[in-house]
Each structure stands twice: as C-alpha cells, then as structure tokens.
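Just one chain follows, in the form predicted on its own, and it is written as structure tokens.
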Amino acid sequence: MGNIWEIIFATDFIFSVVRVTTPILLAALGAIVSDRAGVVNIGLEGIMLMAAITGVVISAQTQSAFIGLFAAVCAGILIALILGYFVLEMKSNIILGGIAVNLFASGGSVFLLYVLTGEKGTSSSLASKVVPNINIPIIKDIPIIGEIISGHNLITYIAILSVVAVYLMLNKTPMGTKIRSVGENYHAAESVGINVKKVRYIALGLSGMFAGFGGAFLSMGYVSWFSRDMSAGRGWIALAAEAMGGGNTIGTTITALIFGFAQAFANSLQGLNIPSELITIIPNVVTVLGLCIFAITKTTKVRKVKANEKNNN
C-alpha cells in the first residue's frame, strides 16, 4: 500500500496523468461540440485511428512532424465531414454511421499499413517523425510545478488551450450560440434564419479536428509509431467523459482527467507484483463505474423534478 501512495503523489505520476489524458480530452472536446449541435459523433474512435496512421505516413514521406500533424488533423476533419454527408445529406442514422466509421478505420488502417510497409502490426519500418516536447521558460525551473507542467508534448499544450477555446467558442461567440441553439431546438433555430445543416457540418468538422489532434498524439507524441487499433477505446472513453461531464467543457475536462488518472495508475502498477489481468481492466472498470454513477445521479434528479412538479400541481 505504501508503494501505491508513493506512486500517486510522485511528480512523475502527475506528469503521466496529464500526458495520458491528452488524447481522451481532445476527443471529448470534439464530442462536446458535435453533441451541442445535435449530432453525436460516435465515430471518434475511428477518426483517431485514421488520423494516427495518416500522421505517421505523411511525416515519414515528408520528414516533417508538423506536416504530418497537419495531415492527421485534415484526415480527422475529412472523415467527420464524410460522416456528416451521409447523415445530413443521405439521411443515414448517425449512430450506425459512426459505427461504420469505426469499423472501416479498424480494418482500413491495417490495410493501409500493409500496403505501404508489408506489415500488419506496427509501422516501425517507417521513418516517421515525432511532434516535439516543449520546455516552458521560467516555469521549467520551478520545483514540483515545473516538473508537472513543463516538458509535455506540443499537442498536450494544444489540448489545454483547446479547453479554453471550446469554452469561449460555445459560450461567448455567435457561432457557439448557433451550435447550442441548433442542438437544443433546430426547428426554432431554422425559424430565425440559422442554416442548421451548415452549423452541423461545422460542428462535425470541429469534432473531427479535435479527434485528429488526439489521434496524432497517439502515434506522434505518446509513442513514435502506429500500431493496430492503438486508440484502444479512447474514443469511447471520450464519449463517456462528455456524457458524465453533462456536455459541459469544465465538467468534461475533469471527467477526462479522472479517466486519465485511472489509465496512468494502471500503467504505474505494472512495475509492482500485481497480476497484469487486474491492471489492464482498471481503466475500463473506472469508466463503467463512472457511467453507472452518472446514470443513477441523473435518474435521481429526474425523479426529484417530476416529484416537485407533481406536488406543485
């Protein structure tokens, strides 16, 4: 037990929590934007996978990490817009469309990897580039704080800034007002001249952009290669974080940190004499427990509201 507490309160562990949370947080921000517009992007998992393989391939071809990162984000946006086309133009079911994206990405990324490298496991034969880590001047020299905040990958800092950007966009800008109004009541939004379809395309594009950053981090920041199904359920965990956060930017960020803590804790326990099977299920168990607590809490609130309405009547 003493070893566990030492792990949790170590600066290296807290640093790891921030790092592990990055792809979950980015995908969760994408989930917030699309959900607020009334189109739940179930395809986040697949978008992250395709962005991850795209970043590796393009960075290897161009020998530039930043071109690879740009290509990964563009791939995320493109796939999200394709999903939007089938949902908004062809009237496909958004849930089925998202699942189709995930299935396509799972097999398609491996096929692309095989075509380019002849391998089906990892992209180790590709000389792909890595997005650099950033040491923040002055802050890096501050004891404890510098060890936690400084030295992260550039995409981690993009994720942190994205939290602020999404909050301001949804609550302080005309576009954010349009996205929220379309999600809350698109008929009312149409009645005041808002182009509902255009707003939803924009929301899905932004969702794909954030998921693209998350996917790029997995293959160009967290590690330096692509491997089969390397998103490992992070897209689904991001959806859970968004649901538990109530579609709220701050709440979703806190929930994503909780899931990141669980993943980092599981990673840290690998050095102790604990069965690996128990360690690997910790993040999944935390996700399920969190959703159960969320469901119970929401049900209780709904019952209280109905009870109050009944008493008032």
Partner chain sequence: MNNYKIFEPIRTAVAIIIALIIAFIVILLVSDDPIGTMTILLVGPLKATRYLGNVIELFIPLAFTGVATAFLFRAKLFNLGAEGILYICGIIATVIAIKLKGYGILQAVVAIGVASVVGMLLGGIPGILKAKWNINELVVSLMFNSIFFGIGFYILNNYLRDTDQSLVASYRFVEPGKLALGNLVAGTRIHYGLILVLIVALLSYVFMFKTKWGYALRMTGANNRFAYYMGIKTFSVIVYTHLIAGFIAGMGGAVEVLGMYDRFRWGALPGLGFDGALVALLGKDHPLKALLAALFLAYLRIGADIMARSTEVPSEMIAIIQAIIILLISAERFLAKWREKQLVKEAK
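Since the structure is predicted, the reported quantities are computational estimates derived from the model, not experimental observations. Positions refer to the first chain, counted from 1.
Another form exists, predicted together with its partner chain; not displayed. Remarks below refer to it.
Its partner chain in the model of the complex: contacted by all of F70, V73 and F261, heavy atom 4.5 Å:
Result no, not one residue of the spot touches its partner chain.
Going by a heavy atom distance of 4.5 Å, is E89 a contact of its partner chain in the model of the complex?
Heavy-atom contact with its partner chain at 4.5 Å: present for E89.
Verify the contact flag for Y201: yes if a non-hydrogen atom of it lies within 4.5 Å of a non-hydrogen atom of its partner chain in the model of the complex, no if not.
Answer no; every heavy atom of Y201 is more than 4.5 Å from its partner chain in the model of the complex.
Taking its partner chain as it sits in the model of the complex, is L206 in contact with it (heavy atom to heavy atom, 4.5 Å or less)?
L206: no contact with its partner chain in the model of the complex.
I42: heavy atom within 4.5 Å of its partner chain in the model of the complex?
Contact check for I42: yes, within 4.5 Å of its partner chain in the model of the complex.
Partner-proximal stretch of 94 to 102, 142 to 150, 206 to 214, 155 to 163 relative to its partner chain in the model of the complex, 4.5 angstroms, heavy atom:
It is the stretch 94 to 102.
Could you pull out the residues of 104 to 126 that have any heavy atom within 4.5 Å of its partner chain in the model of the complex?
The stretch 104 to 126, when checked against its partner chain in the model of the complex, contributes F104, G107, G108, V110, F111, Y114, V115, K120 at the 4.5 Å heavy-atom cut-off.
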